[in-house]
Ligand SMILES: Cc1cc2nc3c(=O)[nH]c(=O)nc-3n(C[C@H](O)[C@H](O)[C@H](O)COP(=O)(O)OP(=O)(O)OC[C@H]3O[C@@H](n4cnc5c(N)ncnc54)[C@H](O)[C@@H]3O)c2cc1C
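This document starts with one chain, in the form predicted on its own, laid out as structure tokens.
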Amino acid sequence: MATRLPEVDAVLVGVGLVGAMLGRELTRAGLRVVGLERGEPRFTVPDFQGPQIHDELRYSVRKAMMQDNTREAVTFRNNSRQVALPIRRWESFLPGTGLGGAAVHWNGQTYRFQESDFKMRSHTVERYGKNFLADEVTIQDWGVTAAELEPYFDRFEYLLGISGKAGNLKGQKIDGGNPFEDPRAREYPTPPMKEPYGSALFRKAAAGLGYHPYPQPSANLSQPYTNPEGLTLNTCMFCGFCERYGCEHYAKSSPQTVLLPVLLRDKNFTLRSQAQVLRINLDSSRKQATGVTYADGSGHEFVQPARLVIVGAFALNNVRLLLLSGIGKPYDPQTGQGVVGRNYAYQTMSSVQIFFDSKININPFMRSGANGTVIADFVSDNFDHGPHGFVGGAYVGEVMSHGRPIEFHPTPPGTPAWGAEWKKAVVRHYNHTSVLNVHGSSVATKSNYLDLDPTYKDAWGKPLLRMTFDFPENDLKMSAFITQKALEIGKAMGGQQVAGAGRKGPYTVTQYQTTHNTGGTVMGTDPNTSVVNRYLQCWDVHNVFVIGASNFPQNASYNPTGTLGALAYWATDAIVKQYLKSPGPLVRT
């Protein structure tokens, strides 16, 4: 029988980036908050220190910081005619776990989505006509604008100390920054990272072709910085162990470096780790949450009553918890009815390799997670899509994040996959190869969705989440077009050989692509097509807020964390300034 605990003002499901932000803001507002984290507590010292944090086998290959899929997996299939099977080894995407969540082992690439992203359906119809979109595509507007989110983007960037160069200050275009970005109120808090040699070659080639290269916005810091919470970060050392690793130098923004030291000292905040939330509890009307039920590390169940429930876990887990709790109508792909699990989207990745002669030394090992040079000329709707028959786009950049010995083995096409000739080729090309990333958007469609698996269960006897996904034809067209542009830039960089191709289907979970899973609890203005309103409040249960990349109605060209952080502050502002004063729906229908 579950043990009932004293009621608190708010309970957080997950203490990653979103949980830490919400915990800080709600305790600052005077609320008593309990944070429930399913993983273990961990801190820069001692957990992220060398030499153990440089164990490539443990962290990159065996995924030591990721969700334990022997206890809680996800099942996968490409379409509803197939039988889904559990993913027993994380490869395609890497759900994090533990205090700080995925923001501990992220790269630090921190962009702002554009206005055309937030109005993707209405903007597309306005510019290209109502018949431009395929019937299968279910993209929709978000219910917020870039101008509304600008103060929250700004606050998030200053919390993290983002290193970058503005391209549009209050409507004035600035040389050296991204000329396509929406107006921002002020410069980045710290200057751009130092440009690696491969990125410099990319910048010169891209500019020569008429594009607009700029330094990638980075949460790996270019110089020491003290954030508004009074916490100081150090300069990045370019150690080469960034994504999939915690930062030993206090040089990458993460909950451990920008918020948790302050939050954990607050007497109004209580952290409980190894707390697996099993469901959100509802009252008899099923219109109000009364708290959550969770199991601790020994399997004992607790009921944590709370007046406010914040669901801030990884995107896939947000969706699953709502389905397990019976909040919102599950999406049915046959009828198109229902909302929870609807509009699951991913990102569409490809790459181009440039093999130089031995006089060009790239030094891939001495990199960080986010210190490249990119172009936004093919992002979102920054170019005319009319002749091409697809929507969305991609940024292209020389953003090599590492040259770690187990994972980085560049060899030209035609090289044997193993043996002496393969080894010779790796030795020949390791220090003389650049990689361009083509980081593409993903449209939502009727046939890509999330639901509960009817067969497989987790260690607590709950149904696993089932993913049904394949690349939409729209995105394959987009990838082919923009990867060709990347090949042209690669040739202009002067490589002896340039290789690459657009993304091909079907989607597979056995090859790493990106951890940018989105959708399933999407935001919007219509309860028939969204789970949460523009303030990320559940339409059906007003004291439940769901915050994360699961809110994205479709995925844009950029990495999602900057937009996720802005939305978290946007929702917090609405909770503190509106909801706490008058609990109830913040948007009436």
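Residue positions are given as counts along the sequence shown, with the first one as 1. This one's a predicted model, so the numbers in the text were calculated from it and none came from an experiment.
The same protein also exists as the form predicted together with the ligand; that form is not shown, yet it is the one meant from here on.
Taking a 4.5 Å heavy atom cutoff to the ligand in the predicted complex, the contact residue among G98, P213, G198, G164 is G98. Checking A275, V144, L231, V498 against the ligand in the predicted complex, a heavy atom within 4.5 Å turns up for just one residue: A275. Partner contact region in the predicted complex: 103-111, out of 103-111, 381-389, 258-266, 174-182, criterion any non-hydrogen atom within 4.5 Å of the ligand. Contact between P472 and the ligand in the predicted complex is not found at the 4.5 Å heavy atom cutoff. A residue is said to contact a partner when one of its heavy atoms sits within 4.5 Å of a partner heavy atom; L94 meets this definition for the ligand in the predicted complex. Taking non-hydrogen atoms only, E243 approaches the ligand to within 4.5 angstroms in the predicted complex. Among residues of the shown chain, I575 is not one whose heavy atoms approach the ligand to within 4.5 Å in the predicted complex. Within 4.5 Å of the ligand in the predicted complex, a heavy atom is found for every one of G14, E37 and T561.
Along 311-350, a non-hydrogen atom within 4.5 Å of the ligand in the predicted complex is carried by G312, A313, F314, N317, in order along the sequence.
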